[in-house]
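Just the one chain here, the form predicted on its own, laid out as structure tokens.
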């Protein structure tokens, strides 16, 4: 089983990811998609005059921001991905981490506001969709765990959510499609492979920064249990199909 995290910034008019997803499905490859949508969220917040602030690549989320996050992720972006896959002859169903609930989360860093860290993954909804022949397309939201949660929805980093779901589903491969060629050194050269220690050194030195930090941390988590973790350029034509076929660039993260 392949778990693919799609960054919202990689999805453009010329994108071939949807074609690749349909092709893989028709080949009998079980695929689960977790998507982001940060750029779209920022655009919608800007339209509403709401400022955006990030800490180590993670969006600080207050209540007004959360309302936009939920609407954009579980509504607009999720529905658009599902519609495109289905229009190309695939079979996809959209859901968010709140459904099931698939993702139970808790607040670990109060300075980030209503941002959750996954504490439990309930894989049954995803397994049911896979068994029925669908591609589950998951928006990274979580339901606050515990009796005091009272139905509170939390914003969950998409990279982190994808890693947790990959582990829970015992995925064979974890692939992050992003809008850069891979993890790069100071000169812009892409690393073919990095160990967790080497990648942590890049973070500590500031060479890897911003949105790359949660991507690397997601890979660190995934490689504890998932055989293969990759960061690849989703802007490249048929990058996903090439990944499955063993061709193409990007960076492999290993223990």
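Quick caveat: nothing in here was measured; it's all calculated off a predicted structure. Positions refer to the first chain, counted from 1.
The same protein also exists as the form predicted together with a small molecule; that form is not shown, yet it is the one meant from here on.
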Listed residue that, although the small molecule is not shown, lies within 4.5 Å of it in the predicted complex (heavy atoms), from 101, 94, 182, 90:
182
Only one of 27, 201, 209, 48 comes within 4.5 Å of the small molecule in the predicted complex by heavy atoms, so just point that one out.
209
Should residue 178 be counted as a contact of the small molecule in the predicted complex, where contact means heavy atoms within 4.5 Å?
yes
Does residue 250 reach the small molecule in the predicted complex if we count a contact as any heavy atom within 4.5 Å?
no
106-114, 82-90, 170-178, 125-133: which one contacts the small molecule in the predicted complex at 4.5 Å, heavy atom to heavy atom?
170-178
